[in-house]
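Next up: a single chain in structure tokens, the form predicted on its own.
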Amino acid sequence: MKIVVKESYADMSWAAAEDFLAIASSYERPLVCLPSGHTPILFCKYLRDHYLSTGTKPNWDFIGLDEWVGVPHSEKGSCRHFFDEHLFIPLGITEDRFSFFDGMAPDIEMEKRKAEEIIDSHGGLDIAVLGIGANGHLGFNEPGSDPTLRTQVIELEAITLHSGQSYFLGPKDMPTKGLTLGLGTLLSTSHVLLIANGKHKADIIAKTVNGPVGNDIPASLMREHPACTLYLDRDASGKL
């Protein structure tokens, strides 16, 4: 795992966005997944600004990393809504270029199979940008998740639910499950970019980088990935 530390959240986000764009440009039409949440907001802004300023559109296909079970795409707080707001609508990306888990689908197993079929049809996932949760999760792969599984429905931990509450407008009965690309899929991705910022992430980053490698801290498994870079601001790196 390569580690890049920048002084600020803005600098860290810019470095990750630059590297993502360089990797994506080396493919004719890569399959990528990106994270939603607070950390990637500026990363997505830099991607958006790049394409708007150059008058171009992304050359990639997009598959959603995860989604809350029981939350519709239209609801602010859903992972799909995040990308509609920050990338898809501003850049005019059409639905034939992306696919998401449907948190409202009556057949969750079908949602899992659809994601796997899309990845298989592309010959695998080319680029994954992933945030690191406060408990070390990647996507919704909570501690203890099987590192060999491809897609999963996960019972979410209290710390994830507490963090997720801030994504929704007003009080909400939080869903207890999440659909996610599994660790097996993420570990087999050709290029992985991890991003984390803030003092509140310093403890889990120290465990990710310096602790034992294992699924107790899912992010630590990426230390064994052959092409993974971890981007941090100075605060998140404070306990390394």
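Owing to the predicted nature of the structure, the values given are computational and were not obtained by experimental measurement. The first residue of the shown sequence is 1; numbering continues from there.
In what follows, reference is made to the form predicted together with a small molecule, a form of this protein that is not presented.
The small molecule: the contacting residue among 211, 184, 37, 198 in the predicted bound form [heavy atom, 4.5 Å]: After the contact test, the surviving option is 37.
Listed residue (115, 79, 128, 132) with a non-hydrogen atom within 4.5 angstroms of the small molecule in the predicted bound form: In short, 132.
Stretch in contact in the predicted bound form with the small molecule, which is absent here, among 37-45, 22-30, 54-62, 203-211 (heavy atoms within 4.5 Å): It is the stretch 37-45.
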